[in-house]
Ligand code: NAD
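Shown next as structure tokens: one chain only, the form predicted on its own.
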């Protein structure tokens, strides 16, 4: 597929409202919305990240863990004891559709392997509950379209776990760019990677992950390039490197370098890898200044500097802030400076499909 815009038009997303990235400075007010109804959340997928979210929610002002969904009975028992979850709010993957009749749950946070997201989000929507989906939203753009439509048809929100869209130092850099303090943006560099361990984990299984490093860690550089530059890329080139074809079989990328071009003439150079540690850095350069963040997307604290000096915004637990802000989105209509809705998740998948195509063909792929 050489034209992503043609794809979006065929899927009817122009009618659904899928513009180029837009931001509003209305968000630049407070980091916490403390007043209002509490969002009652069930976490689906009780692994390491589900646990991180649950722990973070202990400090939330407007979001509360009220239910669990898992295919492992022992995990459910452990979570019941640890978080005080009543038996009536516990489900497995086969029966969680019954959440439809449970007023103790407003939203389901899907934190399962990537390939399971589509069906689980669609079932969540059909049960009349809001869906929060961990990134990547799906394993293909066509899956994302189905998820968006299902949630729209059910009149529920579909939000994606883009925690960095709320992180204070990240928001400050975006503010500086939006208000012209960096001048005209010329260049972005995003490096995202680590050495992955257990070769038998689901992240190295194409059927469950939908790819390799790009689907797990590379998405941070993809998404970050968009909110840092403030534009949507119009073309991509990419090169794949594989040093261990046993650990990284066909369809599971180990390392991909990729480059974007933007409408303004700005360019980006990024790296996604499962074979190098210490890669968590963003650099944004403009005609009047720069911003550098390292670490840029890790769990924190995020650190960085600009031409004006160090970034000194409050250090927060990302998932606590994310869940409180999502409660404000669902109940109050508040929107973040960079969207976290389903359309945002779709945009990243469209771009990543372009990256994979460019890496495979060796050609520049147009994204519009």
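Residue numbers count along the first chain shown, from 1. The structure displayed is predicted, hence computed values, not measured ones.
One more form of this protein, predicted in complex with the named molecule, exists but is not displayed; see below.
- The three marked residues, 47, 117 and 163, each reach the named molecule in the predicted bound form, with a heavy atom inside 4.5 Å.
- The stretch that touches the named molecule in the predicted bound form, counting heavy atoms within 4.5 Å, is 155-163, out of 263-271, 155-163, 174-182, 234-242.
- Interface membership of residue 299, defined by any non-hydrogen atom within 4.5 Å of the named molecule in the predicted bound form, is confirmed.
- None of the heavy atoms of residue 247 is located within 4.5 Å of the named molecule in the predicted bound form.
- The named molecule in the predicted bound form comes within 4.5 Å of no heavy atom belonging to residue 123.
- Looking at residue 281, you'd find every heavy atom of it more than 4.5 angstroms from the named molecule in the predicted bound form.
- Checked against the named molecule in the predicted bound form, the residues 136, 218, 224, 211 give one hit for a heavy atom within 4.5 Å, which is 136.
- None of 170, 112, 141, 192 but one reaches within 4.5 angstroms of the named molecule in the predicted bound form through a heavy atom, and that residue is 112.
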